[in-house]
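One chain comes next, on its own, written as structure tokens: the form predicted on its own.
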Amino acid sequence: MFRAVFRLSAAGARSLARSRPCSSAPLASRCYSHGKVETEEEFDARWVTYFSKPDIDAWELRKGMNTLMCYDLVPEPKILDSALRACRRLNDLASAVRILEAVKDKAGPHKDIYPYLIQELKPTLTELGISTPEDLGIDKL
């Protein structure tokens, strides 16, 4: 029975392959550079505004951080400051620590970026009562 099904499906596939006309139409090319280019200041301001929304919920916070981490950059301290303040408004300590872990991972082999960010964020972390992954001891796991 399986042999008959295979034979019929193979014959059908051959007939479909033969019935397609061979066309050599030129491929359309698209130019995507006609849009406005966002400056670094506009990019930073957009994300600070996003995380500073008073009615941001946990899903929007995670979605925003996920989108931000997809970019080929390490976020500026002012963006991280507003994201950490959003975590505090939501009383979500786990997300705040996860943001710091993601930034450390995003910094990658550049060992001077993460300490700089922690140095810049230290007043905010102290004000909000957020511990770093190193303070919690979870960076050694």
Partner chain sequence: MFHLAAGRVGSLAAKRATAALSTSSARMMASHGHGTDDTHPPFHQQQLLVSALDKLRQDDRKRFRQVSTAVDMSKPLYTDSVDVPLPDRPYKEVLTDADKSLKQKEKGPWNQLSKEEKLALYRLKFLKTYPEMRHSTPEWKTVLGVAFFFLGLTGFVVWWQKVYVFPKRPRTFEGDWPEKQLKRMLDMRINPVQGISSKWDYEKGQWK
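Quick caveat, the model's predicted, so the values are computed rather than measured. Numbering follows the first chain given and starts at 1.
One more form of this protein exists, namely the form predicted in complex with its partner chain; it is left out here, but the text below deals with it.
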On the criterion of a non-hydrogen atom at 4.5 angstroms or closer, are E41, T49 and I118 all touching its partner chain in the model of the complex? no
Taking its partner chain as it sits in the model of the complex, is R88 in contact with it (heavy atom to heavy atom, 4.5 Å or less)? yes
Please check if L80 has a heavy atom lying within 4.5 Å of any heavy atom of its partner chain in the model of the complex. no
Should A94 be counted as a contact of its partner chain in the model of the complex, where contact means heavy atoms within 4.5 Å? yes
So, in the model of the complex, is D57 in contact with its partner chain at a 4.5 angstroms heavy atom limit? no
Heavy atom within 4.5 Å of its partner chain in the model of the complex: which residues of 49-69 meet that condition, in order? L61, R62, M65, N66, M69
